[in-house]
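Below, in structure tokens: the form predicted on its own, a single chain.
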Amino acid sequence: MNNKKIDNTKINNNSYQFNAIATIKSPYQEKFAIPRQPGLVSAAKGQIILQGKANNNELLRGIEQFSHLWLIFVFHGTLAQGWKPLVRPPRLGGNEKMGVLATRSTFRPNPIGMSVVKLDKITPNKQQIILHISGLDLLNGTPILDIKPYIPYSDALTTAQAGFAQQAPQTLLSVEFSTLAIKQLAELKQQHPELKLLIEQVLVQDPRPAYKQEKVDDKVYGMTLYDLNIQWQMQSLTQVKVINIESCN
């Protein structure tokens, strides 16, 4: 038996460099309004744009057999803000601190995330391979480090304990649209056929900061989806109204 001790200090001081194999094209142009977990907004559709040596059909041989994929990615949108050992999880109302490694906070020692998305189809062009996905919770331009198939028998552990996040978040809000917003949706129907559903699925999650949830305020909020600024306002504890939809350009 080899009883030689491992030099943990040396291992912990190692650094590793990774190159992105793809980038994400997503309707989410800013962190605000991105759902806190994947799969909550099925109308959120995006694309995985393979790049460099990974833009090769051979890397994807057989991937069409899987309905869902794991994406390993970089939290590039919050990278510059660094990290702290304690964070305030939204599921706890933003009031209680937990260790960052006991949460899915974006502010991590290494800004790496993982997300499950639905694989809708593949466009295997010779010049550019694109994976079309849905249910994503990723910022536009997110760098992808790796893609792995989701395997239900090992990845879906129904008896697992998840602490303060054991149950799915409740969707308590209903969404209505102003007369102006309904007209604007009609004008955008051809360009964004599922825009209304996307807005509804995002807003029922109440994307406001955790400390404001279950409270009514009269602030007019804005969120950017695609190239559009969607303005909305709380009407009551259970209802939100979309006021205006306008181009960001």
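From 1 onward, residues are counted along the sequence shown. Because the structure is a prediction, the values reported are computed rather than measured.
There is another form of the same protein, the form predicted in complex with ligand SAH; it is not shown, and what comes next is about it.
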request  = Answer with one of Ser174, Ser178, Ser134, Thr78: the residue that has a non-hydrogen atom within 4.5 Å of ligand SAH in the predicted bound form.
outcome  = Thr78
ask   = Since exactly one of Gln213, Thr224, Ser42, Gln37 fits, which has a heavy atom within 4.5 Å of ligand SAH in the predicted bound form?
value = Gln37
request  = Indicate whether Met114 is a 4.5 Å heavy atom neighbour of ligand SAH in the predicted bound form.
outcome  = yes
ask   = Just to confirm, Val74 within 4.5 Å of ligand SAH in the predicted bound form by heavy atoms?
value = yes
request  = Report whether the minimum heavy atom distance between Lys31 and ligand SAH in the predicted bound form is within 4.5 Å.
outcome  = yes
inquiry  = Under a 4.5 Å heavy atom criterion, is Lys97 part of the interface with ligand SAH in the predicted bound form?
reply    = no
ask   = Out of the stretches listed (145 to 153, 101 to 109, 125 to 133, 158 to 166), which one is close to ligand SAH in the predicted bound form, meaning heavy atoms within 4.5 Å?
value = 101 to 109
